[in-house]
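Only one chain is given next, in structure tokens, and it is the form predicted alone.
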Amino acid sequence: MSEKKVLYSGMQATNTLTLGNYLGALKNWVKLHEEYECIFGVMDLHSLTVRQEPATFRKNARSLYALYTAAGLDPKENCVYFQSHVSAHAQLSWILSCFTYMGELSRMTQYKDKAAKHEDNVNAGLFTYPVLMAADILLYQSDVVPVGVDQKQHLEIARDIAGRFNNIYGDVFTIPEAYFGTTGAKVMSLADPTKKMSKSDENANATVLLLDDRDTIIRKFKRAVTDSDTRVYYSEDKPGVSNLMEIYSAVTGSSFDEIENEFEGKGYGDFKLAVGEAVADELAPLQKRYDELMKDKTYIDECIKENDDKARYMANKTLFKVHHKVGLVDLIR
């Protein structure tokens, strides 16, 4: 068994990833396997809280696996697996739901937000979503979990559930900590820089997708909302330009001061074009590798099988221990 601490994370398998997903998380995940034993899930069960078109959903999930790999998450060095292929997630989620209180779940802000957006489909899965997320994390005895602002509540409730279970049955679960290592860029909408970039945004120009072609990427940045000023500098009063500077800094490595100096005396038009070109250059190798992977079904299938088997082994070790602790008849293996 590795002496490294376990780091766990994943993304939902709906639509393709955005530039925000890449710069805010995925790009930074690639650097972590040297320090941690990394487990990354294609979180397809979580995606079912919203109705999915089956063929498209299946294609998107496989596409996400290929994007993980194309971005640099080598399945030979990380455990990259499908959540739905490990039945222990659903099994532990049910057990943990019996140790979770209705009041805790009703206070989750993400449930309130999603229920408001999907008033025609406020299902029980939406309500118990945090319990499944707790199961995801706790199954692998995760030491650390990278979290954004919108995920802090979910990690907190996972910690609460684990602590409650441990208080009754002993040290069964590792209590996970939030990971605050190298943080990615906070990427906002190109159409409304006061909102986070989202793959569900109805305005196509608001979001740069990882599989957008070069011309589309540059066109979207040319249309990015800024302000009536012309000077490029970072300020809370200039959310549009500041967002573009965050993105440019993330893909070029330039500091804000260096960016300001680079575009001294130039207008927003020059800056927007430069950001678009820099992003297109950053994504070109990923897109090329993605296209190669999507054509190599044998390799992807081999990686999926190997990693699913590895994930099942780790998850079942925890599940069998939980079964025994709560008094279920031990599985005959």
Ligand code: TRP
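Just so it is clear, the structure is predicted and the values come from calculations on it, not from any experiment. Residues carry their position along the shown sequence, with the first being 1.
Separately, the form predicted in complex with the named molecule exists; it is not shown, and the next lines address it.
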message: Just checking whether Val147 would be counted as a contact of the named molecule in the predicted bound form - the rule being heavy atoms within 4.5 angstroms.
response: yes
query: Does the 4.5 Å heavy atom contact test between Ser9 and the named molecule in the predicted bound form come out positive?
result: yes
- request: Find out whether any non-hydrogen atom of His33 is located within 4.5 angstroms of the named molecule in the predicted bound form, and reply yes or no.
  value: no
task: Please check if Cys38 has a heavy atom lying within 4.5 Å of any heavy atom of the named molecule in the predicted bound form.
output: no
- prompt: Using a 4.5 Å heavy atom cut-off, which stretch among 40-48, 299-307, 53-61, 282-290 contacts the named molecule in the predicted bound form?
  reply: 40-48
task: Only one of Leu105, Val225, Met133, Ile218 comes within 4.5 Å of the named molecule in the predicted bound form by heavy atoms, so just point that one out.
output: Met133
message: I need to confirm a contact call. Of Gln151, Thr230, Ser254, Ser87, which residue comes within 4.5 Å of the named molecule in the predicted bound form, counting heavy atoms only?
response: Gln151
